[in-house]
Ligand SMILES: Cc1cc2nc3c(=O)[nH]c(=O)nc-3n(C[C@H](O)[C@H](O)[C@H](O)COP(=O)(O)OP(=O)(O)OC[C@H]3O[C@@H](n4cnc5c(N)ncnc54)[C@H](O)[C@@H]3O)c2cc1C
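The chain below stands alone and is given as structure tokens, in the form predicted on its own.
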């Protein structure tokens, strides 16, 4: 068997591909482990999709929860993750998340992360979404990378292929294009793939989940699947690609004009969902991944989150998903003094909408949702509220493909696993481009949490590998 001879233009101990949250965490841990690190980011700035996120991370048993009187535990976190994943997520990966989540929370606080509040969100049986300001948080993480003094960040650097000179041997480095110039970079200890998903790759989306093509796309501009394809080319296994789901709550005009925070989740504060026929069609307390699938089956893949002033008063100024007042000021959230006027505003039959709201309120009063079995605000948690106090509000909503939450197979050490169940030597992966952790759906805050936890594991293990 011949061995390919590759000429390298640069060397490093650990090579990290991608400057989103997972890549930054991997770089920090690798540097703190004594490794010389090079981080390649194909765009001109770090952030990836993480900087566009709602800024929520799922932790359990924290000091913030205790101060708010919220009883939570590792067991409840584990159960919620497994339930959200339909028991299809890999148990060992979920247990790894749970075992490391408190350490990750304390680590983030130690490096200066400012958590603002604890929110109830999709898939939570109690409030555990710790909110932060995503832009400030990602800037902090990048600065922490630079402060190590051991990480070289190269922008405009697109990794194109992984180098494995000997079939079945170790991954030795990557072929990259830096500001248009081809070069090869060797990694003495390991390569960490943290290149994000493939929501912007229409060919891959149509290959795996063509029905999701109806979604609006709102993710990092670099999410075209290059990391997944590089690992796939070396025989990496794939997980959860059939479970790709959009995120419910995105305004249908998402991305058409400048601005952030296009997604709103008033359903987890008590709103109901109606379609263009002014009728409910789903249990609104389900994971917003399942709500995303449900709205795609409705006329024009469109629905409206309908709520009253009581729900409006739960608006948060700190958690983007619940910034209802801001959405109103921006003209995205529609408001009218009466339900009949709101129906006319959104183009649905007023009598039907009124009947839908009245029927739902009857369910709330008797404690039994005869139509869809809704029992709480989210995953059975929180008391349902009647909708009866104007003014009235409607948030036009569809499903948005913000991340693919699936991809290459990894183990609990963040090693990439091939189609035969064996680790690909010296290759690690973390973040959105990995599969197995989420399963059929998604619990709010577990994506950023996964990036932190498995990014740290990947960086630590890559740095500890024997150099060659």
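All values reported here derive from a predicted model rather than from experimental measurement. Here the rigid core means the biggest group of C-alpha atoms that line up within 1.5 Å when the two forms are laid on top of each other. Numbering follows the first chain given and starts at 1.
A second form of this protein, the form predicted together with the ligand, is not displayed here; the remarks below concern that form.
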property	result
The unique member of 272, 120, 219, 311 whose heavy atoms fall within 4.5 Å of the ligand in the model of the complex	219
Contact residue in the model of the complex, chosen from 427, 402, 37, 408 - any heavy atom within 4.5 Å of the ligand	402
Whether 80, 215 and 304 all lie within 4.5 angstroms of the ligand in the model of the complex by heavy atom	no
Contact stretch among 157 to 165, 276 to 284, 290 to 298, 180 to 188 - heavy atom within 4.5 Å of the ligand in the model of the complex	157 to 165
is_contact(residue 22, the ligand) in the model of the complex, heavy atom dist at most 4.5 Å	yes
The ligand contact at residue 171 in the model of the complex, heavy atom, 4.5 Å	no
Contact label in the model of the complex: residue 414 to the ligand, heavy atom within 4.5 Å	no
4.5 Å heavy atom contact, residue 55 and the ligand in the model of the complex	yes
Contacts with the ligand in the model of the complex - residues in 222 to 248 whose heavy atoms fall within 4.5 Å	222, 223, 226, 230
Per-residue C-alpha change between the shown form and the other one, residue 198, threshold 2 Å, rigid core fit	no
Displaced residue check between the shown form and the other one: residue 89, CA, 2 Å or over, core reference	no
Residue 289: Cα shift of 2 Å or greater between the shown form and the other one (core-aligned)	yes
